[in-house]
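Only one chain is shown below, in structure tokens, and it's the form predicted alone.
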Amino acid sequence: MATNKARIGIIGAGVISGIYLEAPKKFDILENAAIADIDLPRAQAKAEQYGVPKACTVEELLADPSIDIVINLTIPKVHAQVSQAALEAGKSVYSEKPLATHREDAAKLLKLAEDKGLRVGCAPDTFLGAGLQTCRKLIDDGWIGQPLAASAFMLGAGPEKWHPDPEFFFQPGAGPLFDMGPYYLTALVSLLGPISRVTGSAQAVRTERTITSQPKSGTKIKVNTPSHVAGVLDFEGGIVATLITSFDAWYHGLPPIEIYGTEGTLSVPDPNTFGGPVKVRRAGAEGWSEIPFSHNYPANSRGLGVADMAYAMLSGRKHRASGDLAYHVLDTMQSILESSREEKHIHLSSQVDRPAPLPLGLPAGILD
């Protein structure tokens, strides 16, 4: 980085781009430089809306020598392809989740970045928000004793009910596990450490869905990936967790994440959010206690992981929403599906350290 600001180029001007384009308002280290999309008018509209200096083609963005970090907001099936192009152009890259749809492609990205001395980061960065960082501190400080087990549930009726263009959710590389699983698995690894073995069962009982959202209401979708996935996760530390992700549930009454320890239970907020509530019920307590946040960023702060990576590029430290963490999550998800198909346990080949917690007491917008 030529200055103390990281100049950002965004590829993909879809719905999610808005919150990333607002990130420089929260983090002074970031500066919007350009936005690109295969639909150039869409990129131009976003540039005008958010005051981005340049809307351009993907090729023009990658050729811009002033851009330090490319944020890859394309659809999942081209994440690896676009990230590889950014790395080959000499730019660090931060991708929306998942890092890739196959672990082999993700491994190539990490190797390419290492060879070029570049960084790879990946969403989600919600685990850096106020809620999950507070949970991390409670666990590390021993509020529930030694963690023994956990449960995680993400169940809904399916994105065809609300998303304007939901077909991709039902293709390989998406589905409830690849779409929403990264939030839950990243949170669990941040809180409990790496996963060593998985067992899974995955099904798509309905092979066709009907879009009921606009503008494609009535359109039929072929379901080409499991829509209900149940997994058992064995962590390196001996903790056993249950994970269920589903697009087949109209309603449920299950918590997002609970962690069970020798001295109590921790109720973890929705890991697709940055806030709370965070609740603890210690052994013998008559009810739950809501815990105040220990950290910043309770509101939607997507781009926090990009800012942390930019700070890490200046100081030389590890960034938290890292490619290694995203690869471990991808390895876990792919292994759950393989376990179901092959009817056996899968031992993970990937390893990762728990990302460091954010320091206490930092002013908002500052990460070092």
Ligand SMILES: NC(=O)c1ccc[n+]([C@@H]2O[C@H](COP(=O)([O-])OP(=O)(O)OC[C@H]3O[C@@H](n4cnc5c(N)ncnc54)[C@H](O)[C@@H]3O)[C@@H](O)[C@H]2O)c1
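We number the residues from 1 along the sequence you see. Just so it is clear, the model here is predicted, and its values are computed rather than measured.
There is also a form predicted in complex with the ligand; it is not shown, and the following applies to it.
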query	finding
Listed residue that, although the ligand is not shown, lies within 4.5 Å of it in the model of the complex (heavy atoms), from Arg136, His295, Lys91, Lys97	Lys97
In the model of the complex, the residue from Ala312, Ala34, Val58, Leu337 that sits within 4.5 Å of the ligand by heavy atoms	Val58
Interface stretch in the model of the complex with the ligand - options 67 to 75, 147 to 155, 263 to 271, 194 to 202, non-hydrogen atom within 4.5 Å	67 to 75
Close approach of Asp179 to the ligand in the model of the complex, 4.5 Å, heavy atom	yes
Contact flag, Gly12 vs the ligand in the model of the complex, heavy atom cut 4.5 Å	yes
Contact label in the model of the complex: Arg320 to the ligand, heavy atom within 4.5 Å	no
Interface membership of Tyr184, the ligand in the model of the complex, 4.5 Å heavy atom rule	no
Heavy atom within 4.5 Å of the ligand in the model of the complex - qualifying residues of 27 to 59	Asp37, Ile38, Asp39, Arg42, Val58
